[in-house]
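This document opens with one chain alone, in structure tokens, the form predicted alone.
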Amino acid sequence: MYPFLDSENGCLLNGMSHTTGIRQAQKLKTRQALLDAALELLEHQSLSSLGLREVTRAVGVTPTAFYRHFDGTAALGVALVEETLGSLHGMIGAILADTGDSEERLDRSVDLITRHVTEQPAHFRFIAREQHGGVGQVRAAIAAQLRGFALEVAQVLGAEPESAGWDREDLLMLGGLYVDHMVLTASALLEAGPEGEQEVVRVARRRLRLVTLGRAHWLDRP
């Protein structure tokens, strides 16, 4: 009734499963190698000038192999956007939700972006360059990620007592201010380098404090 459970078929299925797993792992390894090679090449040029053959040559695969993973360099760029910013989703909102003290919130928010930029400078240089670059799909992907961040932040802040009376438009505007600040801080950190990090962090915290103070008085009437 269940022939696939006999010893012979079981071995066959196990062997097929093992082979499929190896192929899938190799496929993921090649895809990551393409992303890593592209990121390294993009340290010295924009995505719009990056050639597909440059990437495949760096990895040691054929252009045909490239197309098994990406439709073109624009799709590869979108994947890099997701790799860079996707991991941050939920983190910023969690920091805002978990820290009621405003000073601690400021410190943790700035520390989060500082740590990620320090650990992944090439990724964030790519975002900074391509946010206003020449590849429309990538610009759109970055914009969509930033809108997602703004919405997450707005939802967290909207649940706080300080947001009583705020409408959706104003909450989204406030969320956008936090996200714009994150992007500005990341760019400043990249520009300043390790020797200028302390000053960038100091200014970033002061700017966030200004946003926090403005929020407290947004609904004040003359």
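One-based numbering along the sequence shown. Please read these numbers as outputs of a predicted model, since none were measured by experiment.
This protein has a second form, the form predicted in complex with a further copy of the same chain, left out of what is shown; the following refers to that one.
A heavy atom within 4.5 Å of a further copy of the same chain in the model of the complex is found for one listed residue only; from 32, 26, 62, 49, this is 49. A heavy atom within 4.5 Å of a further copy of the same chain in the model of the complex is found for one listed residue only; from 121, 148, 133, 93, this is 133. Comment: 176-184 is the region of 176-184, 155-163, 63-71, 32-40 lying near a further copy of the same chain in the model of the complex, near meaning a non-hydrogen atom within 4.5 Å. Highlighted residues 57, 83 and 193: none comes within 4.5 Å of a further copy of the same chain in the model of the complex, counting any heavy atom. With a 4.5 Å cutoff on heavy atoms, residue 203 counts as touching a further copy of the same chain in the model of the complex. When contacts are judged by a 4.5 Å heavy atom cut-off, residue 214 counts as touching a further copy of the same chain in the model of the complex. Contact check for residue 170: a heavy atom falls within 4.5 Å of a further copy of the same chain in the model of the complex.
a further copy of the same chain in the model of the complex is approached by residue 210, whose closest heavy atom lies within 4.5 angstroms of it. Residues are counted as partner-facing when one of their heavy atoms sits within 4.5 Å of a further copy of the same chain in the model of the complex; in 29-47 these are 44, 45, 46, in sequence order.
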